[in-house]
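Next up: just one chain, as structure tokens, the form predicted alone.
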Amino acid sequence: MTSQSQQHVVVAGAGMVAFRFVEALRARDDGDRFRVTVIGDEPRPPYDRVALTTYFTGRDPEDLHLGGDEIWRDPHVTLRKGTTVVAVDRDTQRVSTDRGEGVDYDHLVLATGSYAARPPVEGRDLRGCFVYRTIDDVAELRGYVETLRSAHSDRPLHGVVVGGGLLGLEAAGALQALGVKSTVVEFAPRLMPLQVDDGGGAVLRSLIEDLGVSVLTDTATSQVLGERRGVVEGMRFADGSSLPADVVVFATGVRPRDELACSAGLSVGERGGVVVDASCVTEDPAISAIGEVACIEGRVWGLVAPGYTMAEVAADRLLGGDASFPGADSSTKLKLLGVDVASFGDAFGSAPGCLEVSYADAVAGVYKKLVLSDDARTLLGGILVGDASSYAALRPMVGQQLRTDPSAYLVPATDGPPPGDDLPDDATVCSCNNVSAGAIRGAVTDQGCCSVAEVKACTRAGTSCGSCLPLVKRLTDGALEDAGISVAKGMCEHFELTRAELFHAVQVTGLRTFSEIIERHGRGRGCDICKPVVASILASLGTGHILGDDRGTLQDTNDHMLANLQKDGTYSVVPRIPGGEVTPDGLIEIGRIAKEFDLYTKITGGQRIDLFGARVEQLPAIWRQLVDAGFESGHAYGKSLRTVKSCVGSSWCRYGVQDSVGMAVLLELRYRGLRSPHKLKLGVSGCARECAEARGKDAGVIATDNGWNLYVGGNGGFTPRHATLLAEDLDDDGLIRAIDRFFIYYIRTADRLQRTAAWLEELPGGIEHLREVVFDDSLGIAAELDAAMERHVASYRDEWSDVLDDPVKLARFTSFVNAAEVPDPDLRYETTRGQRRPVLISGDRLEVRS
């Protein structure tokens, strides 16, 4: 519902900065004084343009959308996609759209951003020339390359990227991901000339060339060469030389989209951009401009962080505040083609009398430089190439006195704690959201936050690019300790150890019973928290059947009965169907067994069959018939491997490039029965179309022309998360070895009931650390991880079969201790859609019409 007293704010543009403005305004507009209409020309909600390159690693474009749908469900917010504001009538305060509509406003916010520029060279509009700015740009580029590859499968494709800055290297990475041999052409004498100096540029060039990308600097492009049909075939340069090219990407910068403001008579800067004051308001008090279209303090900022600041300022002013643009932090930390690059502050040492301290290791491909004040005490800026691990600690210190020897930030890490934890309160930690060290500490001391997640939610620190998260965690931990807040790391009142610590303790001591373990490492008699954890640890260490010895009493409900308890007290039975592949005879057997025991049957999302309604005393008989038919436990009840979902792959699909079913079956048979802190799911897709939804799994495998891409840390559920790319183009053995090490490392170090997604998010060093552990053996434990998985594979036994062969274990599967064959008389069923269902299920039922 809207009110006539509400003011109407129209936002022209639906990019990242527009999204931040709407978010900021609605978050603080407690009285619903404003309704907002966002008008954007792209056919999608605002998305993360900074992460555009992830589109080429198989990521769904929808993953880039900012925020959830909640903001667009706000009754006071309207998003109009695929619509362009074409005119502004300042007298009537009305905008016109390309659909012929007029929209009145009380206040107009111009957030139209910028467009990718093409240099004025001959042939720049030939077929095969692209820019790199929007999802549509990159989708068009990918489609063009895929078509080219089909037409020229007998030769490599060549790509040229004009521009060696951030966008250029991102584009080169995209072409590499598409299998195109690429050359970066830069007019300046070095790559990324605005971020790094000559020393950093030399190291960066060497690292980029080592990755197979050719680099030409000091080179001016004079012409894009085309053949008779108007298709790109090469590039010519000012010195007369040329290169063959199938595709050309221009990444030579952006220009403000200020034509709307110009036509409305608003002032623009010398180099474009709508002129605004420190409150982000134009000469017309009813119009603001924010982001890349705004010219503030005489310049246009092409970074997202200043745009976010402008969005906050504009929202605050509308709400009656007095916020002013405080200036922008142009610090940048990037990972380009896997190479870390960061620059911050006065990176080029322009301050009078400043001093520079540098460190270079050409062999390791590392260059670091700090710029200091003339007394060598205050940090002014710096450049980091090849290793930007100290960026998080250094950037907030710009303008502050370093409290240790500058070289401590540059030389390789020592055993001591990382410098920088003693930041002053006014040091900015998160430049994207302008959050200071004091605000983070205050979130702990004043707001009662007790974890990094709570601090992020409270302050927004680390919620954009995430580069500051390591420092946010250190500051949070430090504030908790300083406040005397004891953060319990133990599992429960009986164990002060974390799960990872207890795992290590049990592994080292060789203890094999709960009583031994709690006597040695805990106290009391245990509880429903620690008992299943100990049971899981023992199972992960391969110490025997989960119902053996005293372990049966430690298990959760489902593990206790090797089946899933349902709401009517019966159980569901799920036989394993590796990779979702089952023979007709197998299907007939499952159907026959379901019919004999009158079980409700349903296909699961994991490509197997769930049999519902089995009474406790029926479970062994059902298992017996399934085992005799060649099936085994599917572990649907356990914190262990559940399923490996697959598409049909190259065996049947016209688009499949690898045998996804074969790989899925191999993986499921390898990891079946592997006990872990939480359930594990895998997916294997035979091509980039991703029909197996592998990136929603703990380990997702997607076929490529050269092998397999491996993604880790995905899950569905309450907080869905797409997996992160761990490695590309692995062969079969390399893929299996990588998953082996990932799973065992996770099992040993994760917390109780922590899925791989949350584990990876909290893992110090994140995906880079995991990559180093798995592929570089950075911890020296790779052989141990490999051996642990081999022990699991060699010792695997079907849990149902073991129970059927053991009268002692079988004895627990009865409804009544004194009447083992008597079914529970309280169970009632009715027939719905041809199958029985328990009458305890309530609620409306859908009528199915034939």
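Residue positions are given as counts along the sequence shown, with the first one as 1. This is a predicted model, so every value here is computed, not measured.
Below, we refer to the form predicted in complex with a small molecule, which is not included among the displayed structures.
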- Task: Tell me, please, which stretch of 723-731, 673-681, 84-92, 232-240 lies within 4.5 angstroms of the small molecule in the model of the complex when heavy atoms are compared?
- Result: 84-92
- Message: If the cut-off is 4.5 angstroms on heavy atoms, which of these, R133, R149, R737, K473, is the one near the small molecule in the model of the complex?
- Response: R133
- Sort through R33, R49, H65, R26 and report the residue having a heavy atom within 4.5 Å of the small molecule in the model of the complex. R49
- Residue contact check: V644 to the small molecule in the model of the complex, 4.5 Å heavy atom: no
- in the model of the complex, does S114 have a heavy atom within 4.5 Å of the small molecule? yes
- Check whether G302 has any heavy atom within 4.5 Å of a heavy atom of the small molecule in the model of the complex, and answer yes or no. yes
- Wondering, does D798 line up within 4.5 Å of the small molecule in the model of the complex on heavy atoms? no
